[in-house]
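Okay, so here's just one chain, in C-alpha cells, the form predicted alone.
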C-alpha cells in the first residue's frame, strides 16, 4: 500500500480525529492563552445543558425512534416501517394531521394578530395601571391547559357567565348559545393560551424600534397608520416572524386543553389515545418521531429564511 493510500485510510482518519479530541481536552484542562481560557469557560457553561440534552433529549428520542420501528410490542427488536405506513396510509391519521395543522395555523395567526396591537399599546403609550395590564396579559402562561379549558367552560359553557348574559339579552336558551365544547370553543382556548407568548416576544421587539424614525415620519406629515406601516412594521417584522414560529410550535404541543375540550382530535390527543386504548406503542412512537421531525424542520427552515430570533 502506498503512503498516499495509508494517509487516507479509515484507521489514519480515526487516529487524526482521536488526536484532535485529545488536543481539545488538553486545551480545556490546561489553558495557556486567554483564548484557550475563554474556550474552557464556554465548555464549563455549556456542560450542564449538554448533559441534560444527552440524558433527557437525545437518548429518549433515540429510544422513541427504535420503538417506532420495532417488530415487538414491548421490546425494541427487529425493523419494520409498518407504523409509518399506517400513519401515512390511513385516512384517519391524515385527517388528524390536517386538523392539527389548520387549528394550529388559524390560532397562530389570530394570536399574533392580537398580540401586535397589545404589544404596541404596552410599549408606545403610558397606560394607567400598566403593571396590572402586563400581569393580566401574561397570566395565561402560568395556567395549565386544563385550567384554561375550564375557564372557557365557565365563560361559554351551558351555565357560563357570558352565555347566561347573552341568553338574558337575546331571549335565547343558554344551550343554543353555548359553544365551549365546540370547535370555536377549542379555538378560543388555544388563542387564550397563545396570545401571551406572542405578546412577550413582540414587546421585546418593540423595545428595539427606532423611535427617532417614527418621530421623523410623523413630523413629515405621516399619519399614525402610515408611520406604523412604513416605519414600525419593517422593524418589528423579525419579531412577528419569531412570534409566529414560537406560537405555532406551542399550538402543536398543547395537550391539557384537549383533555377537557375533546371536540377535535389533533396529533397530541391521538398520541395519548394510542398509549391508552390498545397501547399501540409502535404507532405512538412513529407519531412522536414525526412530530419532532416536523417541528424541528419547521423551526430550522423558519429561522434559515428569516431574520427572526427564537430558540429552536
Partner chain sequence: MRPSLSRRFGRSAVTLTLFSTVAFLIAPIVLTVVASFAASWTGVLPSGFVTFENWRAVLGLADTIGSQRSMGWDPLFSLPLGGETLSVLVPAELAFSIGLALGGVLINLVVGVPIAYAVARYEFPGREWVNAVSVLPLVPGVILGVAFLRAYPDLSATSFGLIVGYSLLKAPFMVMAVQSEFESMPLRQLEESARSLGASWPRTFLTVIVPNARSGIVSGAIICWALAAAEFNFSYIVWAKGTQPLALFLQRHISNSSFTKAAAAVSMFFFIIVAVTLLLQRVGRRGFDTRGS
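Positions refer to the first chain, counted from 1. Predicted model, so just to flag it, every value in this text is computed and none were measured. What we label the rigid core is the largest C-alpha set whose atoms superpose within 1.5 Å from one form to the other.
The same protein has a further form, the form predicted together with its partner chain, not shown here; the description that follows concerns it.
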> Going by a heavy atom distance of 4.5 Å, is residue 57 a contact of its partner chain in the predicted bound form?
Replying inline: yes
> According to a 4.5 angstroms non-hydrogen atom cut-off, is residue 203 in contact with its partner chain in the predicted bound form?
Replying inline: yes
> Would residue 250 show up as a contact with its partner chain in the predicted bound form if we use heavy atoms at 4.5 Å?
Replying inline: yes
>> Test of understanding: in the predicted bound form, would residue 300 fall inside 4.5 Å of its partner chain by heavy atoms?
In response: yes
> its partner chain isn't shown here, but in the predicted bound form which of 89, 117, 234, 184 has a heavy atom within 4.5 Å of it?
Replying inline: 117
> Among 153, 177, 101, 209, which has at least one heavy atom within 4.5 Å of its partner chain in the predicted bound form?
Replying inline: 153
>> With the partner left out here, which residues of 219-241 have a non-hydrogen atom within 4.5 Å of its partner chain in the predicted bound form?
In response: 221, 222, 223, 224, 225
> If we fit on the core, is the Cα of residue 63 displaced 2 Å or more between this form and the one not shown?
Replying inline: no
